[in-house]
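In structure tokens, the next block holds one chain alone, the form predicted on its own.
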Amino acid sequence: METPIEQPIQKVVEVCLLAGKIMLESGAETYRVEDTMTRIATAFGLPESHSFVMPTGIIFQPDGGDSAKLNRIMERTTNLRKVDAVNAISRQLCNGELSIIDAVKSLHKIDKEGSDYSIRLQITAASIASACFAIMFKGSWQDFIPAMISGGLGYLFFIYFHRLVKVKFFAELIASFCIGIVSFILTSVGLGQSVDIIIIGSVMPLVPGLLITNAVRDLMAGHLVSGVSRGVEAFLTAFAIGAGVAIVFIIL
């Protein structure tokens, strides 16, 4: 196996940017992305490299006087398995257990992988979570099935409209509106007892819990740009959910 120091800078930069891109798109914290990129660069003889990570892009300056590289981040989701896989590759690189060529192949393979879970399984999980949240928020067992139906349909609408519109805000707004409509219909025909509890439980799968956690973590760590950006993104999601439900209450 080639020693790390023998690798061309361009190849090391490619690995660092690809690893950072996958982690950031998969929901990793800013500090974790920067730390991983720095460790990989250091392992290949570039200890003075610098990285600046934001939710929408990565800027990486390799040691040795080369110009900085920019990688734009367009899509962000939550996939902790990908974060763990990239971390494992990073550790193998740092320990000299993996060649840089194999690392590039593995990272490209991870990057091309889709979600670990099928759409059917995601909707099923959202349905069960919605029903359980309705009970947790002191709903009656009469609200269990309506919350399951409303939450599942809401998540289905979210996935469908997100693919159609490509703007997450509108997909969340429409999904919340649909959850409100379905909840009102189910309670009006006697399938549910409390429309408020059913709606609250049903929108929980759309709530950006990880985004809020990462925003607070980034702010506390001093990554103000990333923290504020993630906070604004979480606020927009919360606003879309609230607006969608509020429209239902206004028109009905």
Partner chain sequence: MIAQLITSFIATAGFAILFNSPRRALVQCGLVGMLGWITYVMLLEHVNNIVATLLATLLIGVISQFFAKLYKMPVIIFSVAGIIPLVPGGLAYDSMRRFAQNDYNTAIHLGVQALLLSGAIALGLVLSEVLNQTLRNKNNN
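Residue numbers count along the first chain shown, from 1. Since this is a predicted model, take the numbers as computed values, not measurements.
What follows is about the form predicted in complex with its partner chain, which we do not show.
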| query | finding |
| --- | --- |
| Output flag, Ile40, Phe60 and Leu93 jointly within 4.5 Å of its partner chain in the predicted complex, heavy atom basis | no |
| Segment assignment from 31-39, 48-56, 185-193, 66-74: heavy atom within 4.5 Å of its partner chain in the predicted complex | 31-39 |
| Of Asp102, Asp111, Glu97, Asp116, the one that lies within 4.5 Å of its partner chain in the predicted complex (heavy atoms) | Asp116 |
| Any non-hydrogen atom of Ile9 within 4.5 angstroms of its partner chain in the predicted complex | no |
| Any non-hydrogen atom of Gly227 within 4.5 angstroms of its partner chain in the predicted complex | no |
| Partner proximity in the predicted complex: Gly222 to its partner chain, non-hydrogen atom cutoff 4.5 Å | no |
| Contact flag, Val15 vs its partner chain in the predicted complex, heavy atom cut 4.5 Å | no |
| Partner contacts in the predicted complex for 186-223 (non-hydrogen atom within 4.5 angstroms of its partner chain) | Asp196, Ile199, Ile200, Val203, Met204, Pro205, Val207, Gly209, Leu210, Ile212, Thr213, Val216, Arg217, Met220 |
